[in-house]
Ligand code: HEC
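Below sits a lone chain in structure tokens, taken as the form predicted alone.
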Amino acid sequence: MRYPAVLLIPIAVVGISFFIGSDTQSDQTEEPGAVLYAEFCQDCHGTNGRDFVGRTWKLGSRKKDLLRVMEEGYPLLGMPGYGATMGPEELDSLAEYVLQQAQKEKRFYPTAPRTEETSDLTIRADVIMDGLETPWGMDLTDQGGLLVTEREGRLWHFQEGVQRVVKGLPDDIIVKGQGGLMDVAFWTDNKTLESWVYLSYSKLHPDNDRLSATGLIRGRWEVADSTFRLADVETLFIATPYEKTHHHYGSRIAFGPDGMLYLTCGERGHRDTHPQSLESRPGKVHRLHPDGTIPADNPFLNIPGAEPSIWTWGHRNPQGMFVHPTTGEIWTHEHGPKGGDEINILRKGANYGWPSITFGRNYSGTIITRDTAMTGMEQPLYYWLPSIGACGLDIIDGGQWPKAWQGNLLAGSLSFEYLERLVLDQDQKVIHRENLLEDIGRVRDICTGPNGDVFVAIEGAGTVVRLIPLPKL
């Protein structure tokens, strides 16, 4: 059965599930593969294999890669599977035809998709988005769309191979230093069934363009006529005071099982001012109702002079956060200075020590403090020496991942440009580390889906990849 054209339109919008690029045409023959191409593929991919010529193929350009995608499909890129429509011989002749057309370009060399060999698993990294400037944060909508921020001030919605800009963003984003548009979170109110998109960003001071602060806004999610926008945008939180610096914004967003919103805020480079003070907002993790109001059970609500939104304090620059799928605990990691990147489990009212205790040193190599522990301050679950530039943190849960990988942590490295796998024992101690996707680029964020999908946003390369586990035979 031929797929209706409407099902294939999304592929035509972005080009092709496999490729991006330019246009080349050649004469079509009446060989079986050409006939099948004209019937099933031409409407979206152009005559004579146009979209397969002179282009970069995202999912591999060997015959075995073509056959896999033609048979199984790739719904995330809008590619339907034809395994139930065509027999093996038909698929083979179609793949041969596509390769013949592609090979008319002299620079065409069949290549495999990127794979990673681990001790017990092969992982394939499929590029699903590219051409991004600085991807920073990701989240999934309740309809399976992927929201991706670019630090330069753009928000994208990606689904079935179609990438569209989301309108209605705030106009006071300052893109400077480490600042810009940062994290994104999608949330649906169970009572009203309204969906909202939350964004964190470096917010420009309304009266002084030299000052900025970590800001949090939300907008009601509206979709109409294939247009995505945020409506009724409102500011929920500003991590005052505004500062002249342009780094250490923190900015990760997560919704806990208690229905509360958690927001990380870096100390803005003022380590001796904010982290150990309850009277300012930087250097903390804050806990809010989804509408921005303060929960009645926040730990410092009734402390004179304390900011009532504070949940935990003594943080440097937390840029990874997830909710543990089994325990419901909020896990974070944060940048240390020279050494001392940390993984922490957040506990109500706890002080995580920066800069009174740390395993790191100043970037010059001089000592910040000789104390790595102190009464009343939490110890990290794990710390890195040297620092990896930890950014993005999530946990493998479900899907096709084998048992040995369930509950493993994935942390991004900005400094060494890889994805790190951390294996924990039953006492939540890290017992094994493994580098994945080495030299792929600065890993900025990791996002996992309800079906076990793992997405990785890579700065520098400007891509988002999807990781597919392939058990070794």
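This one's a predicted model, so the numbers in the text were calculated from it and none came from an experiment. Throughout, we count residues from 1 along the sequence that is shown.
From this point on, the text means the form predicted in complex with heme C, which you will not see here.
With the partner omitted here, the stretch from 218 to 226, 312 to 320, 194 to 202, 93 to 101 that lies within 4.5 Å of heme C by heavy atoms in the predicted bound form is 93 to 101. At a distance threshold of 4.5 angstroms between non-hydrogen atoms, residue 441 is out of contact with heme C in the predicted bound form.
When contacts are judged by a 4.5 Å heavy atom cut-off, residue 77 counts as touching heme C in the predicted bound form.
Heavy atoms of residue 60 reach within 4.5 Å of heme C in the predicted bound form, making it an interface residue.
In the predicted bound form, heme C stays beyond 4.5 Å of every heavy atom belonging to residue 382. This chain appears without its partner; in the predicted bound form, the one residue of 66, 409, 446, 419 with a heavy atom within 4.5 Å of heme C is 66. The contact residue chosen from 343, 357, 288, 86 relative to heme C in the predicted bound form is 86, the criterion being a non-hydrogen atom within 4.5 angstroms.
Shown without its partner, the chain has 40, 41, 44, 45, 52, 55, 56, 57, 58 in segment 35 to 58 as residues with a non-hydrogen atom within 4.5 angstroms of heme C in the predicted bound form.
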